[in-house]
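Given as structure tokens, the chain that follows is alone and in the form predicted on its own.
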Amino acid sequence: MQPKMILALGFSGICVAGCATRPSDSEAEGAVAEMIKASFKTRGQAAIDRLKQDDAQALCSRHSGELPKGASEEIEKAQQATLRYPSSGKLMGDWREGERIAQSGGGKQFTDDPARPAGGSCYNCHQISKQELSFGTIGPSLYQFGKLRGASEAIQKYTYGKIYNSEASTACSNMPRFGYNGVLTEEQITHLVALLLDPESPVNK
């Protein structure tokens, strides 16, 4: 059953029950959450734990419009503490590997083999190179990312951190937290950093 259908059924059930006694907002949210949870099972790379929100996600969900004063800074500070950089100190890998990861849509779906690495699906939200004919526009274009910013150590660190946990720099970002949630490995992220910053990458041509 599709999640939207589950939500619709959940809300309709709550409304019918509400004719007699109206549940509180928290009770209604709890009932719907339990219905959704009951309909999901761990399968392939899709695990049930993705339904559990951490504090940052819960706060962003409660305030889908404008966050309370100071909340953005609070979220970003807390998420910055989660950043984990490679122990090797090397932040840039091979841009060719990065391009493969960026163009791979595999990972974290119930049809994906748990033994296979996940991809970044970057093309779903961003333009990556000039040659692309089709790309997503949810996120900004990444074309000439490194050409405009350079590849200093500070930029490498920022880029790695943005991919690892986007909410460390932008509270309530729509970008997946690839490293924080274990979608991509540290090595995979370094390859994506290279894709964005290496002068030889198609991103910067």
Partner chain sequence: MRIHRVLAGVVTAMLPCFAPAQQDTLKEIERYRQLLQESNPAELYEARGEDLWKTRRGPKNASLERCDLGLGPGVVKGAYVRLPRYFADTDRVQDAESRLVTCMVTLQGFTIEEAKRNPFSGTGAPMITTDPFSGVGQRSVMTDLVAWIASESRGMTIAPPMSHPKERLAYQAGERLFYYRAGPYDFGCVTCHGDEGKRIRLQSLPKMDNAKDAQRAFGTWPGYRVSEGELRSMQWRMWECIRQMRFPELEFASDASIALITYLAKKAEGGTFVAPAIKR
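Bear in mind the structure is a predicted one, so any value in this text is a computation, not a measurement. Residue numbers count along the first chain shown, from 1.
In what follows, reference is made to the form predicted together with its partner chain, a form of this protein that is not presented.
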All of Ala47, Gly105 and Cys172 with a heavy atom within 4.5 Å of its partner chain in the predicted complex: yes
Contact flag, Leu133 vs its partner chain in the predicted complex, heavy atom cut 4.5 Å: yes
4.5 Å heavy atom contact, Phe40 to its partner chain in the predicted complex: yes
Its partner chain contact at Leu51 in the predicted complex, heavy atom, 4.5 Å: yes
Contact of Val32 with its partner chain in the predicted complex (heavy atom, 4.5 Å): yes
Any residue of 116-147 that, in the predicted complex, places a heavy atom within 4.5 Å of its partner chain: Ala118, Gly119, Ser121, Tyr123, Asn124, Glu132, Leu133, Ser134, Phe135, Gly136, Thr137, Ile138
